[in-house]
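Okay, here we've got a single chain as structure tokens, the form predicted alone, with questions on binding and movement later.
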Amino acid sequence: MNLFSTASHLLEKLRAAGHTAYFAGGCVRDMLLGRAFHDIDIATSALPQQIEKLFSRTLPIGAQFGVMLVLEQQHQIQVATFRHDGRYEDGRHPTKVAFSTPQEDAKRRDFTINGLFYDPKTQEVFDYVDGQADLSHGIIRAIGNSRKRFLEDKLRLLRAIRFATVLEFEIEENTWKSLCQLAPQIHSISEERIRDELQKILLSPHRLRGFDLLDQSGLLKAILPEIENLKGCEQPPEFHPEGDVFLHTRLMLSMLPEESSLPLVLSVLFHDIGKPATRRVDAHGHMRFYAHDQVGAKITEKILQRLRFPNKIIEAVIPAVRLHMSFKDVPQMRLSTLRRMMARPTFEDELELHRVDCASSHGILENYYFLLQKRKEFSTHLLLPPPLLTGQDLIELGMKPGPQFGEILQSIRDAQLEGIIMSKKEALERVLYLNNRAMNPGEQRKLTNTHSSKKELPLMNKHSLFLNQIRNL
């Protein structure tokens, strides 16, 4: 059974037991808008203990608030008792609830478009808060007194922005005024809940609208003061005719594909976060942002940790921020360096970050197209094939393990990725040949004066002359 059929079956079972029951909240809103929905909530007159007796598999996820989770087929459906909320003292949850009627239950919800009930059998909508009118006009309106609704649950401040973003709705005037006034109080909500709402806004195809609403409401400043610091951070006009770092970042967000990964959106948001701290203007009026990428990576890590993002997201965003300036050097990179760059698991997002970074500033995309061509060239090859030699191979050649092993193996690896050597046999022969030449003092001057080809440069020796040549490969 699909979700709709399963939920309808539960609803009918509640009614057969003598209870009133409807689909409620967001699923009704999305059904009426013709949007896909991924969960269905049921509101009912049945009490938690009655729900528990009626269904074989239940979880009391909020029994004190009348909320039970019913497990049916492969679905999890939230079934809640009609209720009226008491006082809110923590800005998130009521201190107590009283079980009541559908009318009272609708009035305690956040926005009119979320206060609707629906009977799937008769296809009748029960609207006690004029939610259908706001739904048809594309309006986000708090139910009743907007300030009271937000003070009850501060997360509703972000939810209003999220709904306006995802649905492309307008926020009603009084609702907007209350939202702006109370924006600084958002920190009474846990960082995890703030993160979840922020993530939904940023992943929306309409993320730019969400970003602007966060900024205009004051929520962006409250949640991400580091982004606020980008305002007024001027950049050299010859490289950034679009304006300061904030405008540059906003423009980049507007250029992202509708379907973008969370690490990509976050890396765009934070890629220049280190610029305000590193901005310097010399005596000639030249602006510099020395190491802003490195500083920005550290700031970004602190932000993401503060908002409790999972490690896998942090580990994807940090390299993109730290390494985004390296893309300006790709035409001059050695092939081995370029292949390592392209083999990074974050490369596709990094490449898109580079594209929108250039497109939103000087507009020069030569390096982007260069990398697209290189990616095409390597589409049938392993970017990082297995190494030709290991430390054990050097030991078997009679070498004594030491610090030089890493340099030797790195140099052999570079030569392999450059296409200079193609097999283990070639790698071993090269090591042996150059080592033998290095043992002859008479050859050292010749090596110093005559080696100009990368294919001929020595790869290993304990003597400093050859270690220096290794480093210069």
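Since the structure is predicted, the reported quantities are computational estimates derived from the model, not experimental observations. From 1 onward, residues are counted along the sequence shown.
Below: the form predicted together with a small molecule, not depicted.
A.B. asks: Given that the small molecule is left out here, which of Glu407, Asp41, Glu426, Glu52 has a heavy atom within 4.5 Å of it in the model of the complex?
C.D. replies: If I apply the 4.5 Å criterion carefully, the residue I get is Asp41.
A.B. asks: Please tell me which of Arg339, Arg109, His292, His324 lies within 4.5 Å of the small molecule in the model of the complex, judged by heavy atoms.
C.D. replies: Only one option qualifies, and that one is Arg109.
A.B. asks: Counting only heavy atoms and a 4.5 Å cutoff, which of 415-423, 42-50, 24-32, 65-73 contacts the small molecule in the model of the complex?
C.D. replies: That would be 24-32.
A.B. asks: Examine Phe163 and determine whether its closest non-hydrogen atom to the small molecule in the model of the complex is within 4.5 angstroms.
C.D. replies: Although the small molecule is absent here, Phe163 would touch it in the model of the complex, with heavy atoms inside 4.5 Å.
A.B. asks: Just to confirm, Asp153 within 4.5 Å of the small molecule in the model of the complex by heavy atoms?
C.D. replies: Residue-level check for Asp153: yes, a contact with the small molecule.
A.B. asks: How about Thr249: is it within 4.5 Å of the small molecule in the model of the complex, going by heavy atoms?
C.D. replies: No, Thr249 sits far enough from the small molecule in the model of the complex that none of its heavy atoms falls within 4.5 Å.
A.B. asks: Just to confirm, Arg159 within 4.5 Å of the small molecule in the model of the complex by heavy atoms?
C.D. replies: Arg159: contacts the small molecule in the model of the complex.
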